[in-house]
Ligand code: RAT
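Shown here is one chain on its own, the form predicted on its own, set out as structure tokens.
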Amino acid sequence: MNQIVEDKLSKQNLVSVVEEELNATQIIDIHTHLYKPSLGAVGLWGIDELVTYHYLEAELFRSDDIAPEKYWALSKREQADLIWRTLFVENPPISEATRGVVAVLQALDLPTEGRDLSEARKFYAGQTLEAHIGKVFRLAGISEAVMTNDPLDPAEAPLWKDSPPHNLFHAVLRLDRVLEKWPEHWQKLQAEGYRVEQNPTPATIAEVRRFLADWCKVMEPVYMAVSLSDDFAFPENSIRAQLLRDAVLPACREFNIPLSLMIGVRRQVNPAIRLAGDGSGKADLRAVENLCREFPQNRFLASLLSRENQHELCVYSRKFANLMPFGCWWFLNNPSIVEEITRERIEMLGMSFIPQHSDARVLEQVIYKWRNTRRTMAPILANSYALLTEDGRPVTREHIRHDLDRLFRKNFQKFCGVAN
């Protein structure tokens, strides 16, 4: 079936064509916490990491009476065994996060109903990272992944020395420690030879720019990125705002790369459960408005953690061509919410956005996260095409293929200046 021209073409047929084309599309995963093999020492992969992902840890503390401090005292293997027994053996793995683990095991031809993790551990003992990355990417249907790279991470930064480029991975220069935690980390820059002080004097600003330029030359990032709290404001009288305005944005212009703003985190609302203890909050998007208007030569990717902010982000994206909404981040990456947000974006922005990223922290998560995205996106897109057909404009398979290539590849490549 090469062309869809019949006004009365059933939605079911449209869904099947969209599904076929989605399955054939090689996606660029524009935001992950994965790493190329030469940085593999800081990367997470394997069954124990998959099962102890912090989404599952949060579920464990709701399903088992173990105190957090006793859980943290266990070894990684013991933690994984406890979570597997509690969430997969004693209870059906029905949540999005637990069902994702089942999907990964199924994709890797591993048992999904085992009483323990012995077979999975045996499988992973025979894997090499480079080969396993290739297999996982093929199963996920992704051609490339964009990393998250923090030059102030003491575990990661030394690994960049003599780290060669890799055709499956793009770097991103992460700025959380610079913008959000400057008082705790400025001395790290000083120890590396940058003449900075805690207060952002003109000399300090110049040195931060030199630091960013040095790491841009090392990493060759496709964008810079920062995860911001729900109280982020711009302009404001703060070190964060001054560093952003006078160091980060000029560096982005110098290297012709966007800045990704991921806004809405409420950090450690329950510190006892560590990484699982972050929450979300509604942000004031006048900060985004001000940045887009005052810095038209800068480009901004934006992903917001609060459901309540999504419509406003669409409105601002209609006003500013230098703003690119992307993904359904973190707590929003559930099919019911993804559907709502994606429909809203199509209705308001057409195909001029980036629908999803995996945010994967464990390598194998890309398998289930992109399976879920394809499954959720197919009926959404098919419905849009059905409405278009009913309103008098036939849709062809080539139209669908073009749109999917734009959504999952070209919009990112064009906005970030990444070669095809």
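Just count from 1 along the sequence shown to find any residue number. On a predicted model such as this, the values are computed, not experimentally measured, just so you know.
Note that the form predicted together with this ligand isn't included here; everything after this is about it.
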query	finding
Stretch in contact, per heavy atom within 4.5 angstroms of this ligand in the model of the complex, of 62-70, 373-381, 347-355, 28-36	28-36
Candidate from 240, 174, 170, 299 lying within 4.5 Å of this ligand in the model of the complex - any heavy atom	174
Listed residue that, although this ligand is not shown, lies within 4.5 Å of it in the model of the complex (heavy atoms), from 255, 194, 330, 295	330
Non-hydrogen atom contact residue 55 with this ligand in the model of the complex at 4.5 angstroms	yes
Residue 317: touches this ligand in the model of the complex, heavy atom cutoff 4.5 angstroms	no
Non-hydrogen atom contact residue 359 with this ligand in the model of the complex at 4.5 angstroms	yes
Contact of residue 227 with this ligand in the model of the complex (heavy atom, 4.5 Å)	yes
Residues of 331-351 having any heavy atom within 4.5 Å of this ligand in the model of the complex, listed in sequence order	none
